[in-house]
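Single chain ahead, by itself, as C-alpha coordinates, in the form predicted alone.
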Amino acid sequence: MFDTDILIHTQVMTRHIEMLDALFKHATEGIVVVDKQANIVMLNPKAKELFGYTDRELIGRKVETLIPQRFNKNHVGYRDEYLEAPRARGMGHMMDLFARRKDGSEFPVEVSLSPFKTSDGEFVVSFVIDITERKKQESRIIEANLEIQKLNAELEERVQQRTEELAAAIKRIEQSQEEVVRALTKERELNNMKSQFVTIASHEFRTPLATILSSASLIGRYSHTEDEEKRQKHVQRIKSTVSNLTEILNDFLSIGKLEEGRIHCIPVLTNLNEFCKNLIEEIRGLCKEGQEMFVSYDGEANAWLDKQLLRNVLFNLLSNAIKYSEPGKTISLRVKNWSGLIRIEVQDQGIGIPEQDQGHIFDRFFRANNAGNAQGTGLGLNIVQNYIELMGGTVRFHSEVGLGSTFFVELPNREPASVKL
(Lines give C-alpha, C1' and ligand atoms only; values in the text may rest on other atoms or scores of the structure.)
Protein backbone atom coordinates (compact mmCIF):
# COMPACT_ATOMS: atom_id res chain seq x y z
CA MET A 1 0.00 0.00 0.00
CA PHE A 2 2.77 2.32 0.87
CA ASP A 3 4.56 1.66 -2.43
CA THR A 4 1.39 2.36 -4.35
CA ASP A 5 0.97 5.84 -2.71
CA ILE A 6 4.56 6.69 -3.52
CA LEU A 7 4.02 5.65 -7.12
CA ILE A 8 0.88 7.74 -7.47
CA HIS A 9 2.55 10.74 -5.87
CA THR A 10 5.54 10.38 -8.16
CA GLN A 11 3.30 10.21 -11.22
CA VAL A 12 1.43 13.40 -10.15
CA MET A 13 4.69 15.22 -9.56
CA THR A 14 5.97 14.11 -12.94
CA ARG A 15 2.83 15.44 -14.68
CA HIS A 16 3.14 18.78 -12.85
CA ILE A 17 6.79 19.09 -13.83
CA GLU A 18 5.96 18.22 -17.42
CA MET A 19 3.16 20.80 -17.49
CA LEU A 20 5.35 23.50 -15.94
CA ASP A 21 8.11 22.67 -18.41
CA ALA A 22 5.62 22.89 -21.30
CA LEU A 23 4.32 26.24 -20.02
CA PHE A 24 7.87 27.53 -19.68
CA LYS A 25 8.93 26.37 -23.14
CA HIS A 26 5.78 27.33 -25.04
CA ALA A 27 4.89 30.62 -23.30
CA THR A 28 4.30 33.51 -25.73
CA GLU A 29 6.09 35.83 -23.31
CA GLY A 30 9.80 35.93 -22.76
CA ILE A 31 10.68 34.54 -19.33
CA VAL A 32 14.00 35.41 -17.71
CA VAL A 33 14.92 34.14 -14.22
CA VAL A 34 17.62 35.90 -12.18
CA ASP A 35 19.09 35.10 -8.80
CA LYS A 36 19.63 37.36 -5.80
CA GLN A 37 22.80 38.74 -7.40
CA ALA A 38 20.94 39.64 -10.64
CA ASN A 39 22.64 36.88 -12.59
CA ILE A 40 20.59 35.23 -15.31
CA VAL A 41 19.99 31.60 -14.38
CA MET A 42 17.29 30.55 -16.83
CA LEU A 43 15.37 31.80 -19.88
CA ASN A 44 12.71 30.25 -22.04
CA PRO A 45 12.79 29.82 -25.84
CA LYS A 46 10.67 32.93 -26.39
CA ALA A 47 13.19 35.04 -24.43
CA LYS A 48 16.05 33.60 -26.51
CA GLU A 49 14.08 34.44 -29.65
CA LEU A 50 13.39 38.02 -28.46
CA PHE A 51 16.99 38.77 -27.49
CA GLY A 52 18.82 36.65 -30.11
CA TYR A 53 21.01 34.83 -27.56
CA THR A 54 21.62 31.17 -26.76
CA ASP A 55 21.53 29.75 -23.25
CA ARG A 56 25.32 29.62 -23.00
CA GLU A 57 25.64 33.26 -24.05
CA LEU A 58 23.35 34.52 -21.26
CA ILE A 59 23.44 32.09 -18.34
CA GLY A 60 25.53 33.59 -15.55
CA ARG A 61 25.59 37.13 -17.02
CA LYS A 62 24.03 40.15 -15.35
CA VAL A 63 20.51 41.07 -16.33
CA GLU A 64 21.85 44.47 -17.57
CA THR A 65 23.09 42.58 -20.64
CA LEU A 66 19.51 42.79 -21.91
CA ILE A 67 19.11 46.52 -21.20
CA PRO A 68 20.25 49.40 -23.46
CA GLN A 69 23.62 50.67 -22.29
CA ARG A 70 22.39 54.23 -21.70
CA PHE A 71 20.04 52.92 -18.97
CA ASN A 72 22.50 50.54 -17.25
CA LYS A 73 23.83 52.95 -14.62
CA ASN A 74 20.41 53.86 -13.28
CA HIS A 75 19.08 50.33 -13.66
CA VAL A 76 21.71 48.85 -11.32
CA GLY A 77 20.49 51.10 -8.52
CA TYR A 78 16.83 50.29 -9.20
CA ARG A 79 17.62 46.57 -9.43
CA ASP A 80 19.53 46.43 -6.14
CA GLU A 81 16.78 48.39 -4.40
CA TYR A 82 14.17 45.93 -5.71
CA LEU A 83 16.16 42.83 -4.73
CA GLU A 84 16.39 44.11 -1.16
CA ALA A 85 12.58 43.95 -0.90
CA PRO A 86 11.23 42.01 -3.91
CA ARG A 87 7.50 41.95 -4.64
CA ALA A 88 5.29 41.23 -7.62
CA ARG A 89 4.89 44.36 -9.76
CA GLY A 90 5.23 45.82 -13.22
CA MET A 91 8.30 47.79 -14.22
CA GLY A 92 8.56 51.38 -15.41
CA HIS A 93 5.16 52.70 -14.38
CA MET A 94 4.23 55.57 -16.76
CA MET A 95 7.57 55.08 -18.53
CA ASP A 96 8.62 53.63 -21.88
CA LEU A 97 10.88 50.56 -21.39
CA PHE A 98 13.34 49.24 -23.96
CA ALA A 99 15.30 46.00 -24.21
CA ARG A 100 18.53 45.30 -26.18
CA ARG A 101 19.09 42.42 -28.57
CA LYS A 102 22.38 40.66 -29.15
CA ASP A 103 22.94 42.74 -32.34
CA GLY A 104 22.57 45.95 -30.32
CA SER A 105 19.15 46.87 -31.69
CA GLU A 106 16.47 47.99 -29.26
CA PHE A 107 12.75 47.26 -29.01
CA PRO A 108 9.97 48.44 -26.67
CA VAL A 109 8.86 46.03 -23.96
CA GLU A 110 6.52 45.52 -21.05
CA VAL A 111 8.09 43.82 -18.03
CA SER A 112 6.52 42.40 -14.88
CA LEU A 113 8.47 40.93 -11.95
CA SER A 114 7.58 38.19 -9.47
CA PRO A 115 9.90 36.94 -6.67
CA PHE A 116 9.93 33.26 -5.54
CA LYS A 117 12.00 30.94 -3.34
CA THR A 118 13.34 27.41 -3.84
CA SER A 119 15.72 25.18 -1.94
CA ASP A 120 18.47 26.80 -3.98
CA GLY A 121 17.66 30.31 -2.75
CA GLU A 122 15.68 33.45 -3.80
CA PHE A 123 14.94 34.27 -7.43
CA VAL A 124 12.99 36.76 -9.52
CA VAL A 125 11.15 35.82 -12.68
CA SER A 126 10.73 38.50 -15.34
CA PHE A 127 7.97 38.26 -17.94
CA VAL A 128 8.95 40.24 -21.06
CA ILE A 129 6.52 41.18 -23.84
CA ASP A 130 7.65 42.74 -27.12
CA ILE A 131 5.22 45.62 -27.72
CA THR A 132 6.75 46.83 -31.00
CA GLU A 133 3.52 46.29 -32.95
CA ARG A 134 1.48 47.93 -30.22
CA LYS A 135 3.79 50.96 -30.28
CA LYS A 136 3.51 51.12 -34.05
CA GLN A 137 -0.25 50.98 -33.72
CA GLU A 138 -0.15 53.69 -31.05
CA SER A 139 2.07 55.79 -33.34
CA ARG A 140 -0.38 55.27 -36.17
CA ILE A 141 -3.24 56.25 -33.88
CA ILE A 142 -1.31 59.33 -32.70
CA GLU A 143 -0.49 60.25 -36.29
CA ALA A 144 -4.12 59.70 -37.25
CA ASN A 145 -5.25 61.86 -34.31
CA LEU A 146 -2.76 64.54 -35.29
CA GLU A 147 -4.02 64.38 -38.86
CA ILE A 148 -7.61 64.57 -37.60
CA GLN A 149 -6.66 67.54 -35.40
CA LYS A 150 -4.95 69.15 -38.37
CA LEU A 151 -8.00 68.55 -40.56
CA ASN A 152 -10.26 69.84 -37.78
CA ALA A 153 -8.08 72.93 -37.40
CA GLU A 154 -8.12 73.49 -41.16
CA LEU A 155 -11.88 72.92 -41.21
CA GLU A 156 -12.37 75.33 -38.30
CA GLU A 157 -10.15 77.85 -40.05
CA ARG A 158 -12.15 77.47 -43.27
CA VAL A 159 -15.41 77.73 -41.32
CA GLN A 160 -14.06 80.80 -39.51
CA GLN A 161 -12.92 82.27 -42.82
CA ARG A 162 -16.27 81.54 -44.44
CA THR A 163 -18.05 82.94 -41.38
CA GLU A 164 -15.97 86.12 -41.55
CA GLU A 165 -16.56 86.37 -45.29
CA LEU A 166 -20.29 85.84 -44.75
CA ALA A 167 -20.30 88.39 -41.92
CA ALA A 168 -18.42 90.85 -44.15
CA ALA A 169 -20.87 90.19 -46.97
CA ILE A 170 -23.82 90.68 -44.61
CA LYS A 171 -22.20 93.85 -43.30
CA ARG A 172 -21.71 95.12 -46.85
CA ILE A 173 -25.33 94.30 -47.62
CA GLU A 174 -26.46 96.05 -44.43
CA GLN A 175 -24.24 99.02 -45.24
CA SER A 176 -25.66 99.10 -48.75
CA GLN A 177 -29.16 98.91 -47.32
CA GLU A 178 -28.31 101.68 -44.85
CA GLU A 179 -26.86 103.76 -47.66
CA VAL A 180 -29.99 103.19 -49.73
CA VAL A 181 -32.17 104.10 -46.73
CA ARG A 182 -30.04 107.18 -46.07
CA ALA A 183 -30.21 108.13 -49.74
CA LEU A 184 -33.98 107.67 -49.78
CA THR A 185 -34.30 109.59 -46.51
CA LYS A 186 -32.08 112.32 -47.91
CA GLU A 187 -34.12 112.42 -51.09
CA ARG A 188 -37.36 112.64 -49.09
CA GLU A 189 -35.81 115.41 -46.97
CA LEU A 190 -34.72 117.25 -50.09
CA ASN A 191 -38.13 116.84 -51.68
CA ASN A 192 -39.74 117.98 -48.45
CA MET A 193 -37.28 120.87 -48.26
CA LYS A 194 -38.08 121.85 -51.86
CA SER A 195 -41.80 121.67 -51.14
CA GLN A 196 -41.40 123.73 -47.98
CA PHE A 197 -39.12 126.14 -49.82
CA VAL A 198 -41.76 126.68 -52.53
CA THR A 199 -44.43 127.20 -49.86
CA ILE A 200 -42.30 129.60 -47.83
CA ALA A 201 -40.93 131.38 -50.89
CA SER A 202 -44.41 131.92 -52.28
CA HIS A 203 -45.53 133.31 -48.93
CA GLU A 204 -42.43 135.14 -47.71
CA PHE A 205 -41.38 136.57 -51.09
CA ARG A 206 -44.85 137.66 -52.26
CA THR A 207 -45.46 140.27 -49.56
CA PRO A 208 -41.97 141.90 -49.69
CA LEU A 209 -42.05 142.02 -53.49
CA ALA A 210 -45.53 143.56 -53.41
CA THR A 211 -44.22 146.12 -50.90
CA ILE A 212 -41.24 146.96 -53.14
CA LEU A 213 -43.49 147.26 -56.19
CA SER A 214 -45.96 149.45 -54.32
CA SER A 215 -43.28 151.76 -52.87
CA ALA A 216 -41.49 152.03 -56.22
CA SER A 217 -44.79 153.03 -57.90
CA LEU A 218 -45.57 155.61 -55.22
CA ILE A 219 -42.06 157.15 -55.41
CA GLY A 220 -42.75 157.91 -59.06
CA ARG A 221 -45.75 160.03 -58.08
CA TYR A 222 -43.80 162.25 -55.68
CA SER A 223 -42.16 164.63 -58.13
CA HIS A 224 -42.19 167.81 -56.06
CA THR A 225 -39.56 168.93 -53.58
CA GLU A 226 -42.05 169.02 -50.75
CA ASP A 227 -42.64 165.26 -51.29
CA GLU A 228 -39.03 164.38 -50.34
CA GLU A 229 -40.02 163.05 -46.92
CA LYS A 230 -42.57 160.71 -48.49
CA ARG A 231 -40.04 159.52 -51.06
CA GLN A 232 -37.48 158.76 -48.33
CA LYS A 233 -40.10 156.85 -46.38
CA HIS A 234 -40.74 154.55 -49.34
CA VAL A 235 -37.00 154.23 -50.08
CA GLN A 236 -36.50 153.08 -46.49
CA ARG A 237 -39.32 150.55 -46.88
CA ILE A 238 -37.67 149.21 -50.02
CA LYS A 239 -34.29 148.92 -48.26
CA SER A 240 -35.81 147.16 -45.27
CA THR A 241 -37.75 144.76 -47.48
CA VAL A 242 -34.68 143.97 -49.60
CA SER A 243 -32.78 143.31 -46.36
CA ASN A 244 -35.46 140.83 -45.28
CA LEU A 245 -35.34 139.08 -48.65
CA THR A 246 -31.55 138.91 -48.43
CA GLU A 247 -31.84 137.32 -44.98
CA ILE A 248 -34.26 134.69 -46.31
CA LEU A 249 -31.99 133.88 -49.26
CA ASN A 250 -28.95 133.68 -46.96
CA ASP A 251 -30.79 131.14 -44.78
CA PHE A 252 -31.48 128.92 -47.78
CA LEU A 253 -27.90 129.27 -49.01
CA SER A 254 -26.57 128.34 -45.56
CA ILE A 255 -28.74 125.21 -45.42
CA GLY A 256 -27.53 124.19 -48.88
CA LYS A 257 -23.88 124.64 -47.91
CA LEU A 258 -24.39 122.70 -44.66
CA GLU A 259 -26.03 119.84 -46.57
CA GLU A 260 -23.09 119.70 -48.98
CA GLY A 261 -20.50 119.88 -46.18
CA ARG A 262 -18.99 123.07 -47.60
CA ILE A 263 -18.98 124.99 -44.31
CA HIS A 264 -16.00 124.41 -42.00
CA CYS A 265 -14.86 125.88 -38.70
CA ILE A 266 -11.58 127.80 -39.07
CA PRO A 267 -10.65 129.39 -35.69
CA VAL A 268 -8.50 132.55 -35.67
CA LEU A 269 -7.28 134.61 -32.75
CA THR A 270 -9.93 137.32 -32.26
CA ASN A 271 -10.51 140.19 -29.86
CA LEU A 272 -13.87 138.88 -28.74
CA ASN A 273 -14.66 141.97 -26.67
CA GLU A 274 -14.30 144.30 -29.67
CA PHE A 275 -16.10 141.79 -31.88
CA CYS A 276 -19.19 141.84 -29.62
CA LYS A 277 -19.23 145.65 -29.36
CA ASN A 278 -19.02 146.07 -33.15
CA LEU A 279 -21.77 143.51 -33.69
CA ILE A 280 -24.10 145.30 -31.27
CA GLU A 281 -23.51 148.64 -33.05
CA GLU A 282 -24.24 146.98 -36.39
CA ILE A 283 -27.48 145.41 -35.22
CA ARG A 284 -28.87 148.39 -33.32
CA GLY A 285 -30.29 149.67 -36.59
CA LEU A 286 -32.77 146.77 -36.58
CA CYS A 287 -34.22 147.67 -33.20
CA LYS A 288 -37.85 148.71 -32.94
CA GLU A 289 -38.81 152.03 -31.42
CA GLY A 290 -37.76 152.27 -27.79
CA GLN A 291 -35.93 148.91 -27.75
CA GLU A 292 -32.60 148.99 -25.92
CA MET A 293 -29.62 146.68 -26.27
CA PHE A 294 -27.13 146.02 -23.49
CA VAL A 295 -23.83 144.15 -23.75
CA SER A 296 -21.56 142.99 -20.92
CA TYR A 297 -18.18 141.29 -21.30
CA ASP A 298 -16.15 139.52 -18.62
CA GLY A 299 -12.85 137.71 -18.88
CA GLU A 300 -10.02 137.43 -21.39
CA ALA A 301 -10.28 139.72 -24.39
CA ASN A 302 -8.90 137.31 -27.00
CA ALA A 303 -10.35 134.00 -28.11
CA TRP A 304 -9.77 131.37 -30.77
CA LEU A 305 -12.97 131.15 -32.84
CA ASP A 306 -14.44 131.29 -36.34
CA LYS A 307 -15.60 134.91 -36.59
CA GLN A 308 -17.99 134.38 -39.49
CA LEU A 309 -19.77 131.43 -37.90
CA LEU A 310 -20.04 133.23 -34.54
CA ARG A 311 -21.29 136.41 -36.24
CA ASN A 312 -24.05 134.44 -37.98
CA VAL A 313 -25.02 132.75 -34.70
CA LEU A 314 -25.19 135.97 -32.67
CA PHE A 315 -26.81 137.97 -35.47
CA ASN A 316 -29.54 135.35 -35.77
CA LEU A 317 -30.18 135.15 -32.01
CA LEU A 318 -30.16 138.95 -31.55
CA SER A 319 -32.33 139.62 -34.62
CA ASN A 320 -34.83 137.03 -33.32
CA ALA A 321 -34.81 138.79 -29.93
CA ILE A 322 -35.59 142.08 -31.69
CA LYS A 323 -38.21 140.53 -33.99
CA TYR A 324 -40.17 138.78 -31.25
CA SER A 325 -39.97 141.59 -28.65
CA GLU A 326 -42.34 144.53 -28.48
CA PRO A 327 -41.11 148.13 -28.83
CA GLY A 328 -39.61 149.53 -25.64
CA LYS A 329 -38.29 146.16 -24.42
CA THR A 330 -34.70 145.35 -23.44
CA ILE A 331 -32.36 142.87 -25.15
CA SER A 332 -29.12 141.74 -23.47
CA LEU A 333 -25.92 140.11 -24.67
CA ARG A 334 -23.68 138.74 -21.91
CA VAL A 335 -20.29 137.14 -22.67
CA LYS A 336 -17.82 135.42 -20.33
CA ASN A 337 -14.45 134.17 -21.55
CA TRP A 338 -12.57 132.26 -18.85
CA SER A 339 -10.35 129.15 -18.65
CA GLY A 340 -10.76 128.01 -22.24
CA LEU A 341 -14.55 128.27 -22.28
CA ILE A 342 -16.75 130.98 -23.80
CA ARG A 343 -20.25 131.38 -22.32
CA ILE A 344 -22.76 133.56 -24.17
CA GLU A 345 -26.30 134.53 -23.13
CA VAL A 346 -28.82 136.30 -25.37
CA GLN A 347 -31.86 137.40 -23.37
CA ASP A 348 -35.05 139.14 -24.49
CA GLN A 349 -38.39 140.15 -23.02
CA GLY A 350 -40.36 138.91 -25.98
CA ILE A 351 -43.35 136.66 -26.55
CA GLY A 352 -41.54 133.48 -25.44
CA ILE A 353 -41.84 129.97 -26.86
CA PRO A 354 -44.88 127.79 -25.97
CA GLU A 355 -43.91 124.74 -23.93
CA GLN A 356 -45.39 122.31 -26.48
CA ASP A 357 -43.18 123.83 -29.21
CA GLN A 358 -39.90 123.88 -27.28
CA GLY A 359 -38.89 120.32 -28.26
CA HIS A 360 -38.97 121.27 -31.97
CA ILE A 361 -37.54 124.78 -31.90
CA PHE A 362 -34.26 123.70 -33.58
CA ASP A 363 -36.04 121.63 -36.26
CA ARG A 364 -35.73 122.80 -39.85
CA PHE A 365 -38.69 124.95 -41.08
CA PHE A 366 -40.32 124.84 -37.64
CA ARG A 367 -41.98 127.99 -36.34
CA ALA A 368 -43.68 128.32 -32.97
CA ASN A 369 -47.47 128.60 -32.96
CA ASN A 370 -47.33 132.10 -31.52
CA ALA A 371 -44.92 133.44 -34.19
CA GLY A 372 -47.90 135.08 -35.89
CA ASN A 373 -47.19 137.22 -38.95
CA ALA A 374 -43.54 137.83 -38.05
CA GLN A 375 -41.41 137.20 -41.08
CA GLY A 376 -39.21 134.11 -40.98
CA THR A 377 -38.36 130.86 -42.70
CA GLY A 378 -38.07 128.55 -39.68
CA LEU A 379 -34.44 127.91 -40.63
CA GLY A 380 -32.59 130.36 -38.40
CA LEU A 381 -32.33 128.33 -35.19
CA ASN A 382 -31.56 125.14 -37.12
CA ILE A 383 -28.63 126.96 -38.76
CA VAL A 384 -27.56 128.33 -35.36
CA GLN A 385 -27.45 124.81 -33.89
CA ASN A 386 -25.46 123.45 -36.86
CA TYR A 387 -22.94 126.32 -36.72
CA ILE A 388 -22.44 125.90 -32.96
CA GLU A 389 -21.88 122.15 -33.36
CA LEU A 390 -19.34 122.87 -36.12
CA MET A 391 -17.49 125.04 -33.60
CA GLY A 392 -17.54 122.19 -31.06
CA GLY A 393 -20.05 123.90 -28.79
CA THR A 394 -23.56 123.47 -27.40
CA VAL A 395 -26.73 125.57 -27.32
CA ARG A 396 -29.77 125.41 -25.04
CA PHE A 397 -32.51 127.81 -23.98
CA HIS A 398 -35.07 128.70 -21.34
CA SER A 399 -38.33 130.33 -22.31
CA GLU A 400 -41.70 131.24 -20.86
CA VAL A 401 -44.62 132.60 -22.84
CA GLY A 402 -45.07 136.31 -22.22
CA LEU A 403 -41.82 136.63 -20.25
CA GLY A 404 -39.21 136.08 -22.96
CA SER A 405 -36.40 133.70 -23.86
CA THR A 406 -32.74 133.25 -22.97
CA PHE A 407 -30.37 131.29 -25.23
CA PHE A 408 -27.20 129.85 -23.66
CA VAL A 409 -24.22 129.09 -25.90
CA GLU A 410 -20.98 127.44 -24.78
CA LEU A 411 -17.94 127.32 -27.07
CA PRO A 412 -14.39 126.01 -26.56
CA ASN A 413 -11.56 128.54 -26.64
CA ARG A 414 -8.61 126.41 -27.77
CA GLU A 415 -5.70 127.16 -30.02
CA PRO A 416 -5.82 124.78 -33.03
CA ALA A 417 -3.06 122.15 -33.01
CA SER A 418 -1.93 123.14 -36.50
CA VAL A 419 -1.30 126.74 -35.35
CA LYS A 420 0.92 125.89 -32.38
CA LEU A 421 4.68 126.41 -32.89
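Treat the numbers as computed from the prediction; the structure is a model and nothing was measured. All residue numbers are counted from 1 along the displayed sequence.
What comes next is about the form predicted together with adenosine-5'-diphosphate, which does not appear here.
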Contact between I31 and adenosine-5'-diphosphate in the model of the complex at 4.5 Å, heavy atoms?
no
Does any part of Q291 reach within 4.5 Å of adenosine-5'-diphosphate in the model of the complex? Heavy atoms only, please.
no
Contact between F127 and adenosine-5'-diphosphate in the model of the complex at 4.5 Å, heavy atoms?
no
Quick check on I351: any heavy atom within 4.5 Å of adenosine-5'-diphosphate in the model of the complex?
yes
Considering adenosine-5'-diphosphate in the model of the complex, find the one stretch among 58 to 66, 22 to 30, 380 to 388, 40 to 48 with heavy atoms no farther than 4.5 Å from it.
380 to 388
Are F366, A371 and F407 jointly within 4.5 Å of adenosine-5'-diphosphate in the model of the complex, each by at least one heavy atom?
yes
Could you check which residue among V313, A321, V109, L305 gets a heavy atom within 4.5 Å of adenosine-5'-diphosphate in the model of the complex?
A321
